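Coming up is one lone chain in structure tokens, specifically the form predicted on its own.
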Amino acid sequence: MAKIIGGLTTSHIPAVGNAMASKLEQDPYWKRFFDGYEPVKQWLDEVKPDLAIIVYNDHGLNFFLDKVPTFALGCADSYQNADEGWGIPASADVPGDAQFSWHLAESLIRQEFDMTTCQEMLVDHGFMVPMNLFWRQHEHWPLKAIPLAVNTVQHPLTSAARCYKLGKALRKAVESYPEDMKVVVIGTGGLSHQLQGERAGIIDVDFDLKCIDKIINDPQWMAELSNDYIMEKAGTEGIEVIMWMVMRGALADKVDVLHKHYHAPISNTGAGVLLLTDAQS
């Protein structure tokens, strides 16, 4: 059967996409940020997952403010990268797995998560920055990927608790797939940042670090936070951290931390990386 072999998190800052395109990884401003990904890249190259489910928020390529589903799942065999305005050079199309996507959709709907299913889906920096952070060293994408879009833009938004439950349902969906497949779930976005208004530029390092610790060790604490509180502490765009909870719900109650890293500021954002697996003891 299919199995989730690990959970990853990463920020998906568009400036990171341009930095990678310009090969600035060794630039003094960027070096510590990019160095934080090397252990995760090494682990991925060792375990060789077959597929990544990437939890991200669409930035206007598929859904604009007039129509935004709470949860949308890509159900295609290929996903085209397009630029929604940041000027990031397009990456190669990412292979999908429509058969597996439809299995996930059917299972999630049976578990009372009414997914919007997308047989065509463009993917923006929210999806492609993580793909490149983890796999740009390969000439061709070494795995398939499925986009799972969560609305963190147009209110009313879903909650950390609902995302956590979605992760648990996602695990059941993956493990009910009869074919052998190694899957990683990637929660993206965050951490604290705000792009507009009087608090533009806010970064709360203490809150970011607390969220990282609680997501690892006490996800129920995170699940009980209101969206208003998260945005008060982490900024309006900091609400993206709820997408990390989909990843956490897809893992066991107890996890092993293979790697964690935090860096701030990077493009006015607190940026975090996690690599978790189900606890072995």
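Residue positions are given as counts along the sequence shown, with the first one as 1. From a predicted model like this one, the values you see are computed outputs, not experimental measurements.
Beyond the structure shown, there is the form predicted together with a small molecule, which is absent from this document and is the topic of what follows.
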Q. Is the small molecule close enough to 125, 193 and 266 in the predicted complex that each of the three has a heavy atom within 4.5 Å of it?
A. yes
Q: Answer yes if any heavy atom of residue 14 is within 4.5 Å of a heavy atom of the small molecule in the predicted complex; otherwise answer no.
A: yes
(Q) Using a 4.5 Å heavy atom cut-off, which of 106-114, 193-201, 73-81, 173-181 contacts the small molecule in the predicted complex? (A) 193-201
